[in-house]
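Consider the single chain below, provided in structure tokens and representing the form predicted alone.
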């Protein structure tokens, strides 16, 4: 494979990781924060949703700043799995 083609596939992989998995990670963090903040639920949802925009931007920047594509994918998928399990466990009726 030519080096230019390989480079384009690596950039495409980072874009996919940032857009899809980054969005899922920001959403999961938003849900987790809404579940654990000790404020009224409507305010917790609003605050965590507003914070999720900054989290998503930080995740996208991190994906393109990290050294390798594999590190970007692993660095997104492991926290996503952990946070998703925590959300499932904390939701009413989740771990029942």
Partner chain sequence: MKEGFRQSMAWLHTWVGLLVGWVLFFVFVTGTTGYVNGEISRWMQPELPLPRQLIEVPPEQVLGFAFDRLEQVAPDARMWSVTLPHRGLAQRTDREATIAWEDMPRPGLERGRRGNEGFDPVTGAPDQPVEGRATGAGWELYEMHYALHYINYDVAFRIVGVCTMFMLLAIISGVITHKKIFKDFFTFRPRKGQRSWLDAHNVISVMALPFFIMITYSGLVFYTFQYMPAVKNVVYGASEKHLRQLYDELFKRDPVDKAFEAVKRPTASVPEMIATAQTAWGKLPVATVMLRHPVDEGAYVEVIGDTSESLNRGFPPKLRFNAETGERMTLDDKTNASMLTRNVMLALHEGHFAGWWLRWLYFLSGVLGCAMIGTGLVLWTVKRRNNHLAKHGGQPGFGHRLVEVLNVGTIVGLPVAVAAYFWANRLLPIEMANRAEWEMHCLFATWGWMFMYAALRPLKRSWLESLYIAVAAFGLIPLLNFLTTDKHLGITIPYGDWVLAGFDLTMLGFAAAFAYMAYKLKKRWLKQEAAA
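Numbering follows the first chain given and starts at 1. It should be emphasised that the depicted structure is a prediction, and the values quoted were computed from it without experimental measurement.
We do not show the form predicted in complex with its partner chain, though everything after this point is about it.
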Inset, instruction - Answer yes if any heavy atom of residue 90 is within 4.5 Å of a heavy atom of its partner chain in the predicted complex; otherwise answer no. - result: no
Legend entry - Residue contact check: residue 81 to its partner chain in the predicted complex, 4.5 Å heavy atom: no
Legend entry - Contact test in the predicted complex: residue 70 vs its partner chain, heavy atoms, 4.5 Å: no
Inset, instruction - Consider residue 11 of the chain shown here, and say whether it contacts its partner chain in the predicted complex, taking contact as heavy atoms within 4.5 Å. - result: yes
Legend entry - Contact set, 50-67 vs its partner chain in the predicted complex - heavy atom within 4.5 angstroms: 50, 51, 52, 53, 54, 56, 57, 60, 61, 64, 65
